[in-house]
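Only one chain is given next, in structure tokens, and it is the form predicted alone.
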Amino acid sequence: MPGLSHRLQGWAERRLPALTRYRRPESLPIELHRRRIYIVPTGFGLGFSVLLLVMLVGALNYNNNAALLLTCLLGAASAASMLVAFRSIDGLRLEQVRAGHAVAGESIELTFTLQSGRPRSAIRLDLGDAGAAFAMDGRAAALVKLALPTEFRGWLSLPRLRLWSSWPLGMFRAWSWLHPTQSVLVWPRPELSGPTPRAAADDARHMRLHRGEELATLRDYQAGDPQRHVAWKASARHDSLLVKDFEQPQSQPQWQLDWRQLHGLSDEARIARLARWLNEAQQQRRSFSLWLPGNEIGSGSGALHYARCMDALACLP
């Protein structure tokens, strides 16, 4: 049976390229055109067509020219709405997909950047069960945000997106599929509780200086010091030029997060514990380093350093 299904799929791709060629992942940017846009009548459109057919039969049966003219006008308006629905998504271009950060089990926010050269109204972008409506003025790009559910850590390929519109009358739906090749990185889920990591000795070797906001002391000017830090009033009372020093000793010792110290745990349990330690270090504004198999990240702090370490954990095999 699997061999038969593969043969049928191959036959369909050869015989019906218009229906199958755009189901495969594509590199950005992706532009919609007439060969990849499909149009079908909606339920309202089918009911309206039946109504027009009844009106046409009645007008011809009773030889009522006014009713016949009304039927023709309504039919022309519905046919024109099909063209407008097609043009509402024809020429749209998906330029970029940006992803936020999320741990496994949470939804990751995706931002889709769509570009158009003319105004458009009442367009929807669907990603699974989630969807968002947007409009474009023809000048600025549209930023559409959708949430993608996650389950496991690591790289997650984007599923197919459906872009559609039933504007202006809701009688026809024009849609197309978008399938970017891009993948998003999902962070590991941290463990709920456990021991604290080992910190470096709290001595003078680890009491590093950091840039504070309050004035710590005045010191002699050194080449390369910013001019805005020169204490002009204090320098006028001395023979040498003095500079304001904002560096203060860092009171908290840094954390050394090491994969090799977690003996007796499985790989996933080690990843979960290291993820929890990274969260705690970030919340406490500590400096921390991370050692992983094949990847050693030096000491640092801040959001960028935290994201770099979490990315490294997520990419572990």
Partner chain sequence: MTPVAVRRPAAATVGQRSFDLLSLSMAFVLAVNAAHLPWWLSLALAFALGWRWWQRRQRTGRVPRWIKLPLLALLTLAVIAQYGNLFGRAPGTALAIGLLILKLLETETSRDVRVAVGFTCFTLMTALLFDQGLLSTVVVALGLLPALATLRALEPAQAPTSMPRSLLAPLALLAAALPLALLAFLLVPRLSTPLWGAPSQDQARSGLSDHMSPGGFIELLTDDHPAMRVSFDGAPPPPDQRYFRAYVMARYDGVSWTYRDVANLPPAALVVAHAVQYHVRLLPTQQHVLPTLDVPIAAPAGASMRRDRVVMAATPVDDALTYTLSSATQYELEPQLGEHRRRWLQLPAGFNPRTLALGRSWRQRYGNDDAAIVRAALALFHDGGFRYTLAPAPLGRDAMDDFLFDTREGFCEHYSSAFTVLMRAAGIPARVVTGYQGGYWNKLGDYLLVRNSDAHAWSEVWLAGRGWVRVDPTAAVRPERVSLGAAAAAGDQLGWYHRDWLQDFRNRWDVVNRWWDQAVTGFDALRQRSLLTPFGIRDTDTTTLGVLLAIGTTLFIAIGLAWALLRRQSRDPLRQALRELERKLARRRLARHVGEGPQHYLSRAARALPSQREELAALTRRYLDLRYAHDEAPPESVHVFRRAVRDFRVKNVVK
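Positions refer to the first chain, counted from 1. Just so we're clear, the structure is a prediction, and the values are computed from it rather than from any experiment.
Absent from the display: the form predicted together with the partner chain. The rest refers to it.
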Would you check whether the partner chain, in the predicted bound form, lies within 4.5 angstroms of a non-hydrogen atom from each of Glu31, Arg34 and Phe134? yes
Region of this chain that lies against the partner chain in the predicted bound form, out of 151-159, 180-188, 106-114, 78-86 [heavy atom, 4.5 Å]: 78-86
Looking in the predicted bound form, any heavy atom of Leu292 within 4.5 Å of the partner chain? no
Taking 4.5 angstroms as the cut-off for heavy atoms, does Tyr221 touch the partner chain in the predicted bound form? no
I'd like to know if Leu262 sits close to the partner chain in the predicted bound form, meaning any non-hydrogen atom pair within 4.5 angstroms. no
Can you tell me if Ala269 lies within 4.5 angstroms of the partner chain in the predicted bound form, counting non-hydrogen atoms only? no
Selected contact from Leu163, Met171, Leu94, Val144, since only one has a non-hydrogen atom within 4.5 angstroms of the partner chain in the predicted bound form: Met171
Residues in 294-317 that come within 4.5 Å of the partner chain in the predicted bound form by at least one heavy atom, in order, are none
